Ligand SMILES: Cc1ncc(COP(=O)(O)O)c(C=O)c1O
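Have a look below at one chain only, the form predicted alone, in structure tokens format.
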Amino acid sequence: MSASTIEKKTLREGAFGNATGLSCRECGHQIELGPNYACPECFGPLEIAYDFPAVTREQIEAGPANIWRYKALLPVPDDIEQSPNTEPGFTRLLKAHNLGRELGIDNLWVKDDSTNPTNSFKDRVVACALSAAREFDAKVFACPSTGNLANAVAAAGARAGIKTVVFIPSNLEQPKQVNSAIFTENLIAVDGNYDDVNKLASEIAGEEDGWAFVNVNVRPYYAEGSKTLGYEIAEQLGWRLPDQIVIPVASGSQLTKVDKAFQELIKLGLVEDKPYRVFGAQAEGCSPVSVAYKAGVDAIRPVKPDTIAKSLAIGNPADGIYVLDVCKRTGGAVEDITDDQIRDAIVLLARTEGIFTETAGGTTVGVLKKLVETGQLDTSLETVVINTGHGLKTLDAVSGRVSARATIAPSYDAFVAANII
């Protein structure tokens, strides 16, 4: 969807709520709201700028039990609930007594986003992107994806009645392919990794009118959806910020937007201003941000992904340098673990808290464990770890690790002979 196409259309008043424009994250240059993602002055990334009104806790708490309770803080119209969407968000925040005891953390919570409509946090960002696509009169709702985003875009498009096209690496886990193809007939597998798929999507976005690629030409709106994770965590903790939070890093947008949410809540007086530490989690087979952090450099060197955590397999993360900024500013860190450690962490979370996470969540829990073991995380402080998706999407990752304990005859004698307990 070219900017020139949109310039011919007058956006309706209040189409983007309290958003005032697009601001460059590098040079600060501002432009009008539109389907743009790169600064015309320095080519830096653009993000949404706002003029927030006074917002109270009571106003938010009176809203719906989904992300639209925070609509005053998002680039969406006041009547957003009237537009068909998947209504994601306000997922459970669970006190992880058993996992905390296992890891030696006194006060641990799991923010479980696997209960969203398509079983991952991507429903949040897609809902915001869909609102923007509607306002821009998009004819096609599309994305390049490592799986979860494709699921969310395909489902949201079906709900909204808009044509969808989703592009994925051809070696993506089969359950994620099925979870997209069930919602759209236009699932396109591309021979290559995610960075190849993303490059193709960028080319299409630049050539085809009427296409809204959620994480390309409407990326600034899409990215704001991740803020709702931060808002919810603070509200569910009784309107306070956690002392520490561990977040998976793919493009890095989720981590930076959770931090943005915390900063906005502080500025609005909705939570007390206090120090908090942000930690990023990557898989060793795709850890360009972790490598840069440990080397003490600000530049991210792209890598070719080789990990079971395919939803985190972005070798050239768009927000990588901003992840470094946030983690350094807050006194956190970026860490990585092996594929075997990811598998072990998936089983650990399931058997301590009854939560079946996909490989991204296994990465985050595994990194949490490593942070404790290496002394980087203070086990006496209140800590939140984010689970971004459901384990049914990545069954192959642990299918060789778990199985039936025994196969026995249907008799009591066979049960006793098996010595199960």
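These figures come from a predicted structure and were not determined experimentally. Note that residue numbering follows the sequence shown and begins at 1.
Absent from the display: the form predicted together with the named molecule. The rest refers to it.
Just one stretch in 66-74, 27-35, 52-60, 356-364 has heavy atoms within 4.5 Å of the named molecule in the model of the complex, so which one is it?
-> Selected stretch: 356-364.
Flag N316 as yes or no: does it have a non-hydrogen atom within 4.5 angstroms of any non-hydrogen atom of the named molecule in the model of the complex?
-> So N316 does not count as contacting the named molecule.
Going by a heavy atom distance of 4.5 Å, is S311 a contact of the named molecule in the model of the complex?
-> Result yes; S311 sits at the interface with the named molecule in the model of the complex.
Would P248 sit within 4.5 Å of the named molecule in the model of the complex, counting heavy atoms only?
-> Output for P248 is yes: heavy atoms within 4.5 Å of the named molecule.
Does T388 reach the named molecule in the model of the complex, with heavy atoms at most 4.5 Å apart?
-> Output for T388 is yes: heavy atoms within 4.5 Å of the named molecule.
Interface residue in the model of the complex among S287, N198, N148, N116, criterion: non-hydrogen atom within 4.5 angstroms of the named molecule = When the named molecule is considered in the model of the complex, the option within 4.5 Å is N148.
One residue of G252, P88, G332, G157 in contact with the named molecule, assessed in the model of the complex (non-hydrogen atom, 4.5 angstroms) | None of the others qualify; the residue that does is G252.
Heavy atoms within 4.5 Å of the named molecule in the model of the complex is the criterion; list the residues of 117-131 that meet it.
-> Those in contact are F121, K122.
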